[in-house]
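First comes one chain, alone, set out as structure tokens in the form predicted alone.
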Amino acid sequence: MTQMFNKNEKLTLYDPLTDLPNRSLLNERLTHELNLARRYQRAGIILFLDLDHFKEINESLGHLVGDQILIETAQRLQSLLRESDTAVRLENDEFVIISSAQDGIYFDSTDQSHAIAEKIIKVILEPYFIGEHELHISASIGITLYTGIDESVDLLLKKADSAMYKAKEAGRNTYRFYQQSIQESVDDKLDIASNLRKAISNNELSIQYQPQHSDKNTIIGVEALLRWDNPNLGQLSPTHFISVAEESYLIIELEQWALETVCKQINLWDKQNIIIPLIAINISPKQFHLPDFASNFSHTVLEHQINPSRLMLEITEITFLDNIEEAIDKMHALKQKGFKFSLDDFGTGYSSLTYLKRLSFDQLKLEQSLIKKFIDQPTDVAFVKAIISMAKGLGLDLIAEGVETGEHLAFLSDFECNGYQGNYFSKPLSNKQLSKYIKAANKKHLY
């Protein structure tokens, strides 16, 4: 946040050592942000930062070294901020960062504050080269969110300060939230991430396969689904750990493991004469956006001597919304080798004919929440019917996910949907269970 001040105002409102705003300007800007948050019903973030063991360094090496540390810390903090945010030197080695409420909602701000704190901790841990000294410092951070409702500047700073001391008590070089519920949520995520890092080496992961049926009740494919069974956390639903894996970039390692596992399983099924036409594999945005994604993915598949045409790569709209040209290039490169693409969760985002035409999908997957509610809501019935008609008109295969009941199937059949997936047909199965399921299905169709 930039403003013009004359010389006397700058002396009054800015710290002369770091050139950051001081407590007086903090009060002014935070008051403005509280009004903004309240008016537009948004949320912002306050981070209270204290350098760990700064006093010892200051006393042992002198104030000149200490001052240089503070100046460089201020510069590092400034490098992380948006134009609308403010970094303040409160006093001594205490800093406050105000992340603007101009574009945040409460839950988004929780995730955002987690990301900001991680970046601050990382940048402070980088060595400080001051004179002949190479110094290593960490930071303890307290975090509170604000909405401008029944909140004052002093109260919020006290909350953030209190949370900072919780970070000190937790061993320093970390952060804590003032709100207990948020802290518990963050702790759960950190615990999941910590255990997830060891999941592959500890053989805790597995793949289950959910059959996909045609309108003639033949098996036309399966979707490979990642499962995690941890001795401490128990069996975790993907809705709990996939988002954590994506935030921490562990998803790239997990999806590579999943691809390798599926390829090995396909070869085993082939030897047993169990032929599955298509195996759908989920591709996260993090994996898709890797510069070498297309080459690495095709290399892995060909290394296992799998025909690429047997794999359906499922991506969601968020994967290509920010850079459709990148998506076109990567999809084109993989489709030339024989891979197929499915647009997952269709009907819940910003789906448009433009994307479908330019990105050359082979299949649409109708999002399961639409299936679960459309029977009771006429507008959703019309929406589902329109999607099915559009898919047929574009020559795309269609899979309706979340088919749980005979009533679901009957409605979709009336609309001439030609592909189904859901517990009405089968829950996700282990590789052995799927082998028996396919053998039984094939036997049934022989008579």
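It should be emphasised that the depicted structure is a prediction, and the values quoted were computed from it without experimental measurement. When you see a residue number, it is the position in the sequence shown, counting from 1.
Here the subject shifts to the form predicted in complex with a small molecule, a form of this protein not shown in this document.
- At the 4.5 Å threshold, heavy atoms of residue 404 reach the small molecule in the predicted complex.
- Remark: residue 147 does not count among the residues lining the small molecule in the predicted complex, judged by a heavy atom distance of 4.5 Å or less.
- When contacts are judged by a 4.5 Å heavy atom cut-off, residue 422 counts as touching the small molecule in the predicted complex.
- Taking non-hydrogen atoms only, residue 85 never approaches the small molecule to within 4.5 angstroms in the predicted complex.
- Judged by heavy atoms within 4.5 Å of the small molecule in the predicted complex, the contact stretch among the candidates 233-241, 332-340, 169-177, 191-199 is 233-241.
- Proximity to the small molecule in the predicted complex, defined as a heavy atom within 4.5 Å, holds among 120, 157, 251, 276 only for 251.
- Residue 226 is the only one of 163, 90, 124, 226 with a heavy atom lying within 4.5 Å of the small molecule in the predicted complex.
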